[in-house]
Structures are given as structure tokens and as C-alpha cells.
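Next comes just one chain, in C-alpha cells: the form predicted alone.
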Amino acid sequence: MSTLSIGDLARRTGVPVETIRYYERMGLLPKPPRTEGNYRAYEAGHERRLAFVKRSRDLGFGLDAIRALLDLADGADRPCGEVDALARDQLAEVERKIADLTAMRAELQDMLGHCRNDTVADCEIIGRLRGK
């Protein structure tokens, strides 16, 4: 069976080496066997699991949710209601963040719309940031 070094695994998955080590410490990625030279020797299952974690992080899932998703994924015969609930919770969080970003964009656009390009003493943006 072919194994990967941590550097090779990082290159293949796009996950930095330090993040891989962090996921191992957090229990999201099982610790791999070691070579005679004491180097980590990752197998295909590690790569698949790391890709799962990376995609979950890309979608904004937190570590606890990813841990739960991995647990659910490991029990393929279980009903997917819990997975759906985790995904719904994450979607609600994404929608909340979008609403916050939309409000921030509107505020910044409004500030810029009132900018007269005078001096900083008369700057609408600085005034609003100061709470005036």
C-alpha cells in the first residue's frame, strides 16, 4: 500500500501542514502510522477524510459540527435527519452572516455617498466612526 508524507498530503488536498497536524490533535483526522524514520505515513483513508474536513470547513462548519458529521458519515446506515439538521443550522448561520454583510455594505455605501472630499476634520466617514 502506498503512503503519503505530510507534505504530499498537504499538496494533494490544499490543506497546510500545520492545519493537518491541528486536525490530528483535535481528533478530526486519525493519527497515521509512522515510518521507521518516525515520519507520518498517511494512507488513502486519511486523504479522503481530510478532503471531507476541508470541504466542510469551506462551507463554514465549525469543528464540533464537523466532528458530528464525520461520526454520522462513519455510520452509513443511519438516517440522515441529523445531517440535515446540521446543514440547516449552517445555512441559517450563513444567511445571518449575509444579512450582516449586506447591512455593512449599505452603511459603507451611505458613508461614501455623503463624502464631500473636504478635510479630515469635516469627513463624514470619520465623524460616523466617532459616533457623531
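In this text, residue numbers run from 1 along the sequence as written. These numbers come from a predicted model, not from an experiment.
We do not show the form predicted together with the DNA, though everything after this point is about it.
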Query raised in the report: Looking in the predicted complex, is the DNA within 4.5 Å of a heavy atom from each of Asp8, Arg21 and Leu63?
Result: yes
Query raised in the report: Is Leu108 close enough to the DNA in the predicted complex to count, meaning some heavy atom within 4.5 Å?
Result: no
Query raised in the report: Hey, in the predicted complex, is Arg57 touching the DNA, heavy atoms inside 4.5 Å?
Result: yes
Query raised in the report: Would Arg48 sit within 4.5 Å of the DNA in the predicted complex, counting heavy atoms only?
Result: no
Requested in this report: Using a 4.5 Å heavy atom cut-off, state whether Arg12 contacts the DNA in the predicted complex.
Outcome: no
Report summary line: the DNA in the predicted complex has a heavy atom of only one listed residue within 4.5 Å, and of Arg96, Arg34, Arg88, Arg78 that residue is Arg34
